[in-house]
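As structure tokens, one chain now follows by itself in the form predicted alone.
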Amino acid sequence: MSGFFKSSIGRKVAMALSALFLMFFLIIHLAVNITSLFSEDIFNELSHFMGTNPLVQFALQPVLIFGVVFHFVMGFVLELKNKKAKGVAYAKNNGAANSTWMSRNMIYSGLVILAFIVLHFIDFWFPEINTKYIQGDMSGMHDGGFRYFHELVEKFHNPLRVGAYVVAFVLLGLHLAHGFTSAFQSMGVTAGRKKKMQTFGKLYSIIIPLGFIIIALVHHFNH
């Protein structure tokens, strides 16, 4: 297994698998959050399930956190190794001739997205962990009094926070636009289907971030 991660192909495949896992999670996360636009009760019920179900809390959530950390660490490792392999001459080459701006700056968009994830954890996850496992108070978990709809709306009152969310999701869209195709290429499943995968990747990289942006803006302007 250690030899797998030491090889360039192994690292790229591991990076791709973590990316696909996180992209699937984004679909689930958006599906839950988008219900807050038309039903407070449904959103509270789904959030309650996600926040109290043992399988989600003690199995899927740790896997998700590991996936996020692994993806970003592996991304930084690959970036450093690529720059080291190409040497000083890399900086002198005209990279735009052979690659897009986004592909050359994935590490920077990744850093901004990572900062956003930290903000998101501070807004929602840390308070929940503090309430449930440090204070040991589960009373608010059963009536939407904690974290759920009202907590969501309250976070989007501040225009600066909403602006940060919008910028982060725009960068996420750009990150996904390149990362989606790259992930499938690393898995070797795009041969003969490259155009379809690129089209699907573009749609995904637009729809998912746009959905989160709409949620933030609607709650900001309606409440």
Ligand code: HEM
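The numbering used is simple: start at 1 and walk along the sequence shown. Keep in mind the model is a prediction, meaning the values are calculated, not measured.
The form predicted together with this ligand exists for this protein as well; it is not shown, and the discussion that follows is about that form.
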query	finding
Interface membership of Arg161, this ligand in the predicted bound form, 4.5 Å heavy atom rule	no
Residue contact check: Ile215 to this ligand in the predicted bound form, 4.5 Å heavy atom	yes
Residue contact check: Met74 to this ligand in the predicted bound form, 4.5 Å heavy atom	no
Partner contact for Phe169 in the predicted bound form: this ligand, 4.5 angstroms, heavy atom	yes
Non-hydrogen atom within 4.5 angstroms of this ligand in the predicted bound form for each of Arg11, Leu20 and Ser182	no
Answer option from Leu37, Ile65, Ala59, Ile27, heavy atom within 4.5 Å of this ligand in the predicted bound form	Ile65
Interface residue in the predicted bound form among Arg104, Lys81, His120, His150, criterion: non-hydrogen atom within 4.5 angstroms of this ligand	His120
